[in-house]
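This document opens with one chain alone, in C-alpha cells, the form predicted alone.
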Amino acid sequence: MAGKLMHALQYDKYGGGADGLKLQHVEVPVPTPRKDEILLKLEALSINPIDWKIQKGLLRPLLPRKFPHIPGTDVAGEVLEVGPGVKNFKVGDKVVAKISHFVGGGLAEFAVVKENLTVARPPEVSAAEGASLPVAGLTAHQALTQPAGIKLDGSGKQANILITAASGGVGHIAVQLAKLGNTHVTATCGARNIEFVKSLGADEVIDYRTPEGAALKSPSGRKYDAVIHCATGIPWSTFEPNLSEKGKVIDITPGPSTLLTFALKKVTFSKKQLIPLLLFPKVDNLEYLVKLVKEGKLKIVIDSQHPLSKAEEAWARSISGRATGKIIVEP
C-alpha cells in the first residue's frame, strides 16, 4: 500500500460545532502498520460524542496530540496487512478494533490499529454493530461491572439501577447489560423513546421532561444503589435524595464539577459517592460484547448510517444530541 492515497476527514484547529464543522475532506497517504499493528480496510466507524468534544477543545492541551488530526476510534474492517509481531490475525480476517484517542485515524478508508485492542468479528455481527461496541459498549460494561459491582451472569444480590439518557449510544447498551445482572432498571429518556427503552428491558421508564422525571424519582419509590449517568447537566443535589445509603453516581462524561463533588464526598467520608468514569479499554471485555451480539443477547440499535463522503452529516447528528442508538459512517 506504500505510496497509495486514501480519502479521510481531518481538522487542523480547535473549533467545530454543527455550523462550522471544519471537517476537511482530504487525500492522505495510507498508513503503514508498524510492530504489533494491523492495517484495516474500514467497513464501518461509529462516532462518539468524545470525538467532537476533543475537536471543540474540551481536552486541550492533551488531545489531539497534533494537528491536523483525523478523528475516530471505533472501527470494523478487514485485515489488509499485518506488521511485525502480529500473532492472532491474518490478511482477510474481519475484525473490530478500538484506536487510542491519542492517535485517532478512524474517519478514513484505511486505518492502523493495535493488535492488543483488536478482536475477531464473526459473520453474525455486522460491521456497523461491531464498530458500535468499543467506546459505548466498553463504557457501559466498565461502569456496571466495576464501580456499580453488577455481576453480568445474574449472580449477586439484587440492585436498583438508574440509567440516564437510556436511548443514547452508551445508555441503550447499559440497559441491556444491566438486565443480564440481577437488577431492577429505571431509565430516563425523552417521551418519543419510552417504548423503545422499555423494549430493551428497562423495568421503569421516565420522561426526563416531566417533573417526576426531572427529579429522577423511581415510579415504584425505589432508592438507587447505582446510577449510570449518561446525560449531562444534572446536579448532585438531584441525585442525592434518590440514592440508597451507599448509592453511587457513575458519571461517564465527568467535567470539573464532577471532580469537585467527587473530592468533597471523599473528604467528608460520605457514604453516597459521585464517581468519574475514565474508560480503560480491555480486549477481553470487547470480545465478550461481540459474543453477546453474536448470540443475540445484546441488540445494537443504529440511529443512522452515512457514507464517508458525507461524514460531516454524521458529525452534526452526534452534536445535535438527538441520536437514538449509534451513528455510523461507512467508507
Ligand SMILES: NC(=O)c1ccc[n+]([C@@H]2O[C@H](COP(=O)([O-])OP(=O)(O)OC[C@H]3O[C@@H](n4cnc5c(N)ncnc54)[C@H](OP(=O)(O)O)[C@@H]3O)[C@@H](O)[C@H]2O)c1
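Residues carry their position along the shown sequence, with the first being 1. Note that this is a predicted model, so its numbers are computed, not measured.
Although it is not shown, the form predicted together with the ligand is what the next lines describe.
Judged by heavy atoms within 4.5 Å of the ligand in the predicted bound form, the contact stretch among the candidates 114 to 122, 75 to 83, 146 to 154, 205 to 213 is 205 to 213.
Only one of the listed residues (S100, T253, N88, S126) places a non-hydrogen atom within 4.5 angstroms of the ligand in the predicted bound form, and that residue is T253. Residue in contact with the ligand in the predicted bound form (any heavy atom within 4.5 Å), chosen from A159, V135, L243, V95: V135. Proximity to the ligand in the predicted bound form holds for all of T139, G168 and A323, with the criterion being a heavy atom within 4.5 Å. When contacts are judged by a 4.5 Å heavy atom cut-off, L277 counts as touching the ligand in the predicted bound form. At least one heavy atom of K53 is located within 4.5 Å of the ligand in the predicted bound form. Not displayed here, the ligand is kept clear of P31 by more than 4.5 Å at the level of heavy atoms in the predicted bound form. In the predicted bound form, the ligand sits within 4.5 Å of a heavy atom belonging to A231.
Contacts between stretch 284 to 317 and the ligand, counted in the predicted bound form as any heavy atom lying within 4.5 Å, involve no residue at all.
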